[in-house]
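For reference, the chain that follows is the form predicted alone, supplied as structure tokens.
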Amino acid sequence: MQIGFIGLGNMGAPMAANLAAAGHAVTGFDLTAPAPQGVTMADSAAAAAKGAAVVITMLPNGAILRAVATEIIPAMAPGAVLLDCSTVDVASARDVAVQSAAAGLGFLDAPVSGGVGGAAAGTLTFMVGGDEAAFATARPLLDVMGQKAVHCGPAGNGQAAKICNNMILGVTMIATCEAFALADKLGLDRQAMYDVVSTSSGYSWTMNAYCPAPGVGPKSPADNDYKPGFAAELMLKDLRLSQQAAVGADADTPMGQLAASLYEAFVETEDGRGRDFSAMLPRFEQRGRRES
């Protein structure tokens, strides 16, 4: 399949390289990133999109998605599919879907879970919004780049699933880090804590698969001085998106709101920028009780 790929950063580059390795003809564009292995670079986003059956975008935010869509949609052939794998606000995804449909294009919002490691290994999970026909066209590519693709309904629902999932993730990581810090102060050994919680009702992905305590559980960024697998600033971005959506939907999300405020402080006024989102544990270790 002829594919355009726009946005070849930490996530996009390995995704594009995996598509090329699977035998697809991939033409890429990025303002700064070098060409991934097997990808032919174009001199503009529109040039990368021209002639492609599917154009994939992996971009930082909704404003950039809207700008790129405005540039590439006129260059795309009717019947082609715009597959956006960025994590953006629901409104941007739905607006670009309308813009695509008006030009005779299919559109899918398909944010991912799995991080840079999953992108490199081809084991991402895709949460996909859009129509069935576009999903069927893109499915072979999703199967190359990931291990699972869930069709969540109409355009925007992929983003909705992603931000709901990551709101749970952010809240749960904070609770897990708080619990380890409390266990430390109560004199409970971290390994004992893990052995109990990981097989009890406190079981969670943040405890069992991505434990924030170094030397406990499977290897995680905590064992690499909290170098990011999923950076704290990206968690902050997703939590802000969840709260933006909650305001628009009139949804009461007090835990999500508090998680967003804690990650905001961690990233913007403490030492969280450039660290993994699980580095909340040393943050809580260093703090005493604060009365509200």
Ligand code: NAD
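Only a predicted model underlies this, so the values are computations on that prediction, with no experimental measurement involved. Numbers for residues come from their place in the sequence shown, where the first is 1.
From this point on, the text means the form predicted in complex with the named molecule, which you will not see here.
Interface residue remark: Thr269 is not counted as part of the site for the named molecule in the predicted complex, having no heavy atom within 4.5 Å. Within 4.5 Å of any heavy atom of the named molecule in the predicted complex lies no heavy atom of Tyr226. By the criterion of a heavy atom within 4.5 Å, Pro214 is excluded from the residues contacting the named molecule in the predicted complex. The closest non-hydrogen atom of Thr87 lies within 4.5 Å of the named molecule in the predicted complex. Between the options Leu258, Leu31, Ala249, Ala265, the residue in contact with the named molecule in the predicted complex by a heavy atom within 4.5 angstroms is Leu31. Proximity to the named molecule in the predicted complex, taken as heavy atoms within 4.5 Å, picks out 115 to 123 from the listed stretches 170 to 178, 133 to 141, 115 to 123, 95 to 103. No residue of the trio Ser198, Lys219 and Leu281 has any heavy atom within 4.5 Å of the named molecule in the predicted complex. In the predicted complex, Asn10, Met11, Gly12 are the residues of 10 to 27 with at least one heavy atom within 4.5 Å of the named molecule, listed from first to last.
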